[in-house]
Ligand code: BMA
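Encoded as structure tokens, the following chain is the form predicted on its own, with no partner shown.
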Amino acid sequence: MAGTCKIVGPSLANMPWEDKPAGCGEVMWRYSANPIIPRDLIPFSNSIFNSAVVPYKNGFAGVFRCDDKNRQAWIHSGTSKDGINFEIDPEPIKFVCDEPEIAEYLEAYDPRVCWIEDRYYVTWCNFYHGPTIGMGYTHDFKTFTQIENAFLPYNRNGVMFPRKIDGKYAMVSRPSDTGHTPFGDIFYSESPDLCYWGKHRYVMGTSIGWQSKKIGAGPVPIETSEGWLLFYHGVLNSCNGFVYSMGAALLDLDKPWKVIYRTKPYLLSPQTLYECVGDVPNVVFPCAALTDADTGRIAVYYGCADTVTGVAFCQLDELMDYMKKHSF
């Protein structure tokens, strides 16, 4: 059962879960049947990864990155009864959009989905004269409406907070460049109307080792009684290229640009075959998390080697204790 630190939110008794294997000394562990989504689940897909899953009705729904066999990236809608086995629409999402100027884009990838008040907001990397943060919403995962892009190019990893903070919508993002960005820090921004974003604040930047090249926000921040729990990816520039791993930080509830704790060691790094071998080797890229307030259970969905999708588990109390003992 959950202890002193509590998840602020509903119970989710039907969320996917697997107990920690006997003898495992890690704070986060992989699902034994990973990867849960293969690269060829739908016709003409080259790979399915870096995708977002949320509770929906009596099951789960989400938005999934599916690269086609032209090697173009698109986002697709999908559903699941158990959060493990998914049915994904073979056709990319076609947004309803009143602005022809922003409705035209070349690619869409790395989505996040966030429930705020009365709808599911979708943010993604939208290639509009360079990568920027595309935004839209849905009520039913069938009809999607596109709204204004959040920022100018170049930006990636736009992740919304699941409620307004001080009366404003809130988002973290990672300003970048035109290519495979060799730098990147996380910034906080707010908006009164989801159109105009400002009051940008620096949250945190690169550090040593596994997060020395760049970092970026992962799943929608999880509200807890002690702060916002933010899983994020960090990148190491090895002699064999970039290596993506996962860590976590705890941000202040009222001023989320203030970091309370931040894991110095990684929580999960590419070590299995499906994480180390694929279109982009050595990638663990978190994009979504499910939580159960009653038990403190957390399930994190992550992209593996830019090819398939996996899930890993942790317990809030154990993670918080680890963060406090192994923080910068």
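Being a predicted model, the structure only gives us computed values, none of them experimental. One-based numbering along the sequence shown.
The discussion below concerns the form predicted in complex with this ligand, not included here.
**Q** Considering F95, F187, F151, Y109, which brings a non-hydrogen atom within 4.5 Å of this ligand in the predicted complex?
**A** Looking at F95, F187, F151, Y109 one by one, just Y109 meets the 4.5 Å heavy-atom criterion.
**Q** Sort through V280, I36, V27, L41 and report the residue having a heavy atom within 4.5 Å of this ligand in the predicted complex.
**A** Exactly one listed residue reaches within 4.5 Å, namely V280.
**Q** Among the candidate stretches 55-63, 264-272, 294-302, 280-288, which one is within 4.5 Å of this ligand in the predicted complex when only heavy atoms are counted?
**A** Careful reading of the contacts points to 280-288.
**Q** Taking this ligand as it sits in the predicted complex, is Y244 in contact with it (heavy atom to heavy atom, 4.5 Å or less)?
**A** Looking in the predicted complex, residue contacts with this ligand include Y244, since a heavy atom lies within 4.5 Å.
**Q** Look up in the predicted complex whether K214 has a non-hydrogen atom within 4.5 angstroms of this ligand, and give yes or no.
**A** Yes, contact at 4.5 Å.
**Q** Within 4.5 Å, heavy atoms only: does E318 come near this ligand in the predicted complex?
**A** Judged by the heavy-atom cut-off of 4.5 Å, E318 is well away from this ligand in the predicted complex.
**Q** Hey, in the predicted complex, is N50 touching this ligand, heavy atoms inside 4.5 Å?
**A** Taking the distances in the predicted complex, the answer for N50 is yes, it comes within 4.5 Å of this ligand.
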